[in-house]
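For reference, the chain that follows is the form predicted alone, supplied as structure tokens.
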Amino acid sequence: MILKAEGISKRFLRNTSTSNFSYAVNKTDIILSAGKLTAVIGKSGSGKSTFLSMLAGLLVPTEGKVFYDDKDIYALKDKDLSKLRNKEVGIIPQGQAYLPSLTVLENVMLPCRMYASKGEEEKTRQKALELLESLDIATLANVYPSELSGGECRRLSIARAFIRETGIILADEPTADLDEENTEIVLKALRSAADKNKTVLLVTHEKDALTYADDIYNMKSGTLSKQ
């Protein structure tokens, strides 16, 4: 799947001596292709997460358009956009995002349960267990998130992002605060997804992650440029 942004930007109200608003992301074009891992690097506060959120269908751009193949996602009704995002986008959020009342396995299965057809439960369960096995946390399937380490929580997020076999994977600082071993597991999983013809975007401030990328962009003060 091709993910394309045409002239997207995001500004927020902020009264200053010169303006009533500020740009988190300046006008930007980008094309992300299947089979490639694209990395966007930059310091905290540079606009990386805002940029990813617009591409993910989570934050409406102030101007511009985002396309999944030839579909203008922000032209869709909210209900249709939610279904499209569930079907086509796997998101690995910055920090820890899970439902604490669900086990690891139940959290991973959740995206499939939202729009599930009858009879799919066992198939989804087996797929979830396979993903947990591949990420070396299968023994934690029935554990609750409060009992996990930071690295284990991050791997939970990866499994959940992969469960729907989406065409697009968007990862926002997925290796932040992880040790070397867990960082390698996360980056190899993203590289493997790209090698399986997924469209993968990695937002990071860690330069070591760039060895896994096909294309590299730099975000500075809301402006994106290719390295």
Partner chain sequence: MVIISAFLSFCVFGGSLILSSLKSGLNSLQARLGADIVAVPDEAAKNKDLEAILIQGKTGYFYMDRSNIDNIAKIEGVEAVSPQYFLATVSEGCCSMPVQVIGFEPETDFSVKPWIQKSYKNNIELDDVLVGANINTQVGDDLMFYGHNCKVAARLETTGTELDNAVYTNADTIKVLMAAAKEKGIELLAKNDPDTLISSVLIKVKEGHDPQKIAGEINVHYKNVSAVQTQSMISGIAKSLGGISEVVQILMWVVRILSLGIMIAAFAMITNERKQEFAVLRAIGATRGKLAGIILSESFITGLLGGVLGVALACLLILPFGGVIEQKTSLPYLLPNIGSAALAVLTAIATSAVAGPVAAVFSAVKISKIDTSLILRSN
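Numbering follows the first chain given and starts at 1. Predicted model only: the values in this text are computed from it and were never measured.
Separately, the form predicted in complex with the partner chain exists; it is not shown, and the next lines address it.
*Asks:* Out of the stretches listed (65 to 73, 191 to 199, 43 to 51, 29 to 37), which one is close to the partner chain in the predicted complex, meaning heavy atoms within 4.5 Å?
*Replies:* Partner-contacting stretch among the options: 43 to 51.
*Asks:* So in the predicted complex, does Arg125 come within 4.5 Å of the partner chain, heavy atom to heavy atom?
*Replies:* Output for Arg125 is no: heavy atoms all beyond 4.5 Å of the partner chain.
*Asks:* If we define contact as a non-hydrogen atom of the residue within 4.5 angstroms of the partner, is Gln96 a contact of the partner chain in the predicted complex?
*Replies:* So Gln96 counts as contacting the partner chain.
*Asks:* Heavy atom to heavy atom, is Thr139 within 4.5 Å of the partner chain in the predicted complex?
*Replies:* So Thr139 does not count as contacting the partner chain.
*Asks:* Given that the partner chain is not shown alongside this chain, does Leu148 nevertheless sit within 4.5 Å of it in the predicted complex, heavy atom to heavy atom?
*Replies:* No.
*Asks:* Candidate spot Lys79, Asn86 and Arg160, all three in 4.5 Å heavy atom range of the partner chain in the predicted complex?
*Replies:* Yes, the whole trio is in contact, each within 4.5 Å by some heavy atom.
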